[in-house]
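Below you will find one chain, with nothing else, as structure tokens; this is the form predicted on its own, and questions on how it binds or moves follow later.
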Amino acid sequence: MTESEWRALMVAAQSGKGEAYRRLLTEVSLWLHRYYVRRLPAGMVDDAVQEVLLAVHEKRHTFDPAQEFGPWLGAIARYKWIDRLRAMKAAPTEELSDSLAIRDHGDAVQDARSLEMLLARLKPAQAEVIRLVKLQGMSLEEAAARSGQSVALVKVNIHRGIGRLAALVRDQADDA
């Protein structure tokens, strides 16, 4: 959904439209989940999303319909994220044993490097939207806004870029 659609749903919710409010909370929870997945440990994501939804519910009367909804929501999400970080810092930790086995991350580093080398062989617009949507988890609309491409062009560039990546991998496998 676009930010103007979010704002329209919030305005409708403030005037008592329950269905608009349910739809807004559903859409916002998806965005919040993507927001927190990149910022918090996996076990804290759902709780953080629920905290923000509760805060939105409690503070919905403070939303000014003349303002944008995204920055208002983003501020709440950011404050709740900071609260989580403070709580993590204050939480007791366990001493790690010196004999603890540490996994080798060499394969992951090599895979990431290989992927970046493959993406570098695509057209820049294709590589950019593949990184945004497929690697960073952005929606098509978010990727379109970030890249300056239309949503339709983002879809086309992802489709063509993945097709090109598949061909590059096939060619490398044939050469080996």
Partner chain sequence: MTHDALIDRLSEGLKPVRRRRLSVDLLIVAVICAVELGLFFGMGAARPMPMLMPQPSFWWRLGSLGLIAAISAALTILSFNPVYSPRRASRWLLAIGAICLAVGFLINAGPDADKNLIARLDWPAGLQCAKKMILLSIPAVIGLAVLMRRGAPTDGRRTAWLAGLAAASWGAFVFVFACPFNDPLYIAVWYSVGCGIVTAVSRLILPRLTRW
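Treat the numbers as computed from the prediction; the structure is a model and nothing was measured. Numbering follows the first chain given and starts at 1. For clarity, a rigid core is taken as the largest C-alpha set superposing within 1.5 Å between two forms.
There is another form of the same protein, the form predicted in complex with its partner chain; it is not shown, and what comes next is about it.
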property: One residue of Q136, S150, S114, T26 in contact with its partner chain, assessed in the model of the complex (non-hydrogen atom, 4.5 angstroms); result: T26
property: In the model of the complex, K59 touching its partner chain (heavy atom, 4.5 Å); result: yes
property: Partner contact for L54 in the model of the complex: its partner chain, 4.5 angstroms, heavy atom; result: yes
property: 4.5 angstroms heavy atom contact with its partner chain in the model of the complex for H159; result: no
property: Non-hydrogen atom contact V129 with its partner chain in the model of the complex at 4.5 angstroms; result: no
property: In the model of the complex: members of 3 to 30 within 4.5 Å of its partner chain, any heavy atom; result: V11, A13, Q14, S15, G16, K17, G18, Y21, R22, L25, T26, S29
property: Did R23 shift 2 Å or more between this form and the one not shown, C-alpha, core superposed; result: no
